[in-house]
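Take a look at this single chain, the form predicted alone, given in structure tokens.
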């Protein structure tokens, strides 16, 4: 069997867990693969694309290239085009085909934790790249989405999608939390290495929503600790990280396998490495 040549690009990239995840999937499936990590500053993106066309079957993309890669694509699927961002590229016959697996990744991770993205009322905090993908997927699945962010004027795309947008204030969070079925933190608040964190969790006292924090390190953020103290269903971002990667590997390899079972296996592998324990169901 021909070796599957894959990789991930970003700037910075040293922190990436993609090799651990993708190699775990390949090993479980018995598919020979080699997964490289490529530090690619924006100025070097054209040279990387030329190299990738000749040597790789596909690659994952992280910050800041999810939009930068768009001009190099021969084809982009409808969902990724709607998001305006690509995190997965498959190379076929020397041409780049773009996909975005973030939305499906979070949907599957939530389902594995008994949280349904479909037909729900979602309050999303933050309006970054991941939020765009999540918002589109939730709307596609029949949910309503309210996005609260620091700079609502920069969130016009969310209004175009069909979401409501407002200022991320304590008062607004509390107001919308009362009626939300799911609250998603798509900000970096509470992330390891980030000084800023939630300072007021009183909105959790006014909700029965399931809470999803897309931060995965630390395993329990200040937000999730507050949820557990109030017996709210909650999960961290490890599931999204792994599930979007499982979808990506299926695109790269064109192999057929049980995506959810694979995600459970890989979450165990990754949890042992970054948390020192096996725990693929976070709530």
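Residue numbers count along the first chain shown, from 1. Treat the numbers as computed from the prediction; the structure is a model and nothing was measured.
Unshown form predicted in complex with a small molecule; subsequent notes refer to it.
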property	result
Contacting member of 204, 189, 139, 165, with respect to the small molecule in the model of the complex [4.5 Å, heavy atom]	189
Selected contact from 116, 208, 154, 159, since only one has a non-hydrogen atom within 4.5 angstroms of the small molecule in the model of the complex	154
In the model of the complex, segment of 91-99, 108-116, 181-189, 70-78 with a heavy atom within 4.5 Å of the small molecule	181-189
Full three-residue contact with the small molecule in the model of the complex, heavy atom 4.5 Å, for 9, 52 and 254	no
Distance check, residue 216 to the small molecule in the model of the complex, heavy atom within 4.5 Å	yes
Touches the small molecule in the model of the complex: residue 240 (any heavy atom, 4.5 Å)	yes
The small molecule contact in the model of the complex: residue 200, any heavy atom under 4.5 Å	no
Touches the small molecule in the model of the complex: residue 84 (any heavy atom, 4.5 Å)	no
